[in-house]
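Quick heads-up: it's one chain on its own, the form predicted alone, in structure tokens.
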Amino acid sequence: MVTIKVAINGFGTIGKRVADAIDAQKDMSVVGVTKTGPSFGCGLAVKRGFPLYCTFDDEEKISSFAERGYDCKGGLSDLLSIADIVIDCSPGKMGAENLAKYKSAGVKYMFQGGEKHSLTGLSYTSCANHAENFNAQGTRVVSCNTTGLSRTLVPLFDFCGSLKVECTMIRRAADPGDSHKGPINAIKPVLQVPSHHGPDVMSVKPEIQINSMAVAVPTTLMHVHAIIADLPVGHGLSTEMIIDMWKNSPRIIVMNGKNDRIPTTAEVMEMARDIGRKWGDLHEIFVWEDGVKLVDDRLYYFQAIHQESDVIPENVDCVRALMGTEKDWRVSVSNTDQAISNYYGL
């Protein structure tokens, strides 16, 4: 089996998780990760056995790692020279600058949802458009919210043939490690209507008609979506059939808030910790079964998104798409999830 050599540019909240997920795969290896400078994150990279590189090709910055006791192998250009593909997990708004570097190095590239679709002209989520990304030079893995919407809406669309959706996103204010963000004692509406989340679904599944609004609330745990989906007349579905559809779809967890005693995002995250997930992550989208209701042709439901982790397995599947090693998205998803599960002994 040919091992795909993967570089991770940015070893932070997403990058460290992506690196572990790549390391778990039999057909991939992490050839290096980057940090902007010596910090506590460097120690984690060393502990995990990932070669450490500097984000910049600057000798002074590279040498600063050694001054703090870290073995830095070189700059970003050195890392790109030994990689087949780079996964960009750097802070948002650096995309254009990094894209030029990736193109110059001749490597395939992937960005995260913090960048706009226009940067690459192509976006990705496994269930929606894996085949369209097959053998492409580069793409963007869509955001955590867009990934979550795709997971539950694409199976519905595939069954019904059309779908019209309105979604309200109740967004966490910050990740747990972000001390500089808010709001603290407020509910902050996103005064861009529609918000980017719904239309972003159309970058991977343009056939779904969707609009969204969003508010930010003072929590760091998860996002919650309140979704109304209009199904076509004669769809032939029932509430129970939709629930069963999601239960049989990959990367969706359906549980009963009342019977399973998991009524809020706090209990959802506690469940993730209880089942042994590293960092307490939940790659799956969580749907409350007792919050799903089909009334005539209109479907109502709630779902929760763990913003730090639902896109992680998508990055792995996207590597296989761009590298042209697995055309069937369901096979890739199965391989990815099983490898991650085995990696952590779950």
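It should be emphasised that the depicted structure is a prediction, and the values quoted were computed from it without experimental measurement. Sequential numbering from 1, following the sequence displayed.
Only in words, not in the display: the form predicted together with a small molecule, which the text now covers.
Not displayed here, the small molecule is kept clear of residue 218 by more than 4.5 Å at the level of heavy atoms in the predicted bound form. The closest heavy atom approach of residue 311 to the small molecule in the predicted bound form falls within 4.5 Å. Put simply, residue 158 is far from the small molecule in the predicted bound form: not one heavy atom of it is within 4.5 Å.
Of the heavy atoms in residue 325, none are within 4.5 Å of the small molecule in the predicted bound form. This chain lacks the partner; the member of 236, 91, 182, 106 within 4.5 angstroms of the small molecule in the predicted bound form by a non-hydrogen atom is 91. 98 is the sole member of 120, 98, 212, 150 with a non-hydrogen atom lying within 4.5 angstroms of the small molecule in the predicted bound form. Screening 289-297, 35-43, 66-74, 274-282 for residues having heavy atoms within 4.5 Å of the small molecule in the predicted bound form returns a single hit, 35-43.
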